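Before any questions on binding or motion, here is one chain by itself as structure tokens, the form predicted alone.
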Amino acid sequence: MIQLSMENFVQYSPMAFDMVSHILTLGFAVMLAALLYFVLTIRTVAPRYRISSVLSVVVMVSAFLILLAQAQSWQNAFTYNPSTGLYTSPYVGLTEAAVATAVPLAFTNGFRYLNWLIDVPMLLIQILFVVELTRQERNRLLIRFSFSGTMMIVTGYIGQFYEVGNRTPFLIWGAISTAFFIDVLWQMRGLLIGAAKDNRIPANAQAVFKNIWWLFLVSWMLYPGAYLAPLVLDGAATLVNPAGANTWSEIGVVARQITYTVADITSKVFYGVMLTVAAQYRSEAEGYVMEGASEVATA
């Protein structure tokens, strides 16, 4: 049987369809705007902190391109039906046997997982170049973050293919992904709380690191909520009602896509901006003057 996301079995009012389309557009548009920010501010921090800004640039490029593909997937998967006044996919109303043989375009959240597979290790690694760590500590966390972050996404990616029909694989892979997720949170908490109390770091930067921890915790907790949306929105074990009735609510789909997009913006853009601010504070405390500033001042 073809494994499809729940979004393909819902019929959408024009308002719901447009809301998802708009929120997906907002997602890749914000990434493009943030890309310009990170490029333009890279020289505002001392050279030893710039690797963090470079990684933010890479994250924004990948997020923009893949979320653009996600938005196009939404547009291509559904067609407006004038007789019902709803947007629908070819899969609505099919039996499981019919779904297994159908091959039209389908909407998928897999694009997001491909984006996270690129971005998550980089998001975790870039902070290692802004806090104060020994080389041994940095190497240890680099390996830990790379492994746990990658495995968290890979196992979640596999699990999301089973969100309809038999939910057992969905729950198993989700539980495995959660184990890596908890490890990432625990390591990041220790890193950021330690940075917030590190006397080698100026007080204003310490405050930023403390706030980054709360941003990180809240934004990352949005992801498992969106992942578990099928269990919250649908108590039935069947794939789709053969009569064509919706098994899931369009409100739930809109909420899920908004949740994913808000999580992406806060965990990537806001996080990256706050790291840049912390690096700027550290650079200023170390006497760094932005390259070209003296020329501008005397012009």
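Residue indices: 1-based, along the sequence shown. Because the structure is predicted, anything quoted here is derived from the model rather than measured.
Quick note: we don't show the form predicted together with retinal, though the next part is all about it.
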{"item": "Residue among 195, 127, 208, 152 with a heavy atom within 4.5 Å of retinal in the predicted bound form", "value": "152"}
{"item": "Proximity to retinal in the predicted bound form, single hit among 110, 224, 190, 169 (heavy atom within 4.5 Å)", "value": "224"}
{"item": "Exercise: residue 256 in contact with retinal in the predicted bound form, heavy atom 4.5 Å", "value": "no"}
{"item": "Heavy atom of residue 267 within 4.5 Å of retinal in the predicted bound form", "value": "yes"}
{"item": "Non-hydrogen atom contact residue 163 with retinal in the predicted bound form at 4.5 angstroms", "value": "no"}
{"item": "Interface membership of residue 178, retinal in the predicted bound form, 4.5 Å heavy atom rule", "value": "yes"}
{"item": "Retinal in the predicted bound form: contacting segment from 111 to 119, 77 to 85, 198 to 206, 140 to 148, heavy atom within 4.5 Å", "value": "111 to 119"}
{"item": "Heavy atom distance at most 4.5 Å to retinal in the predicted bound form, all of 4, 17 and 90", "value": "no"}
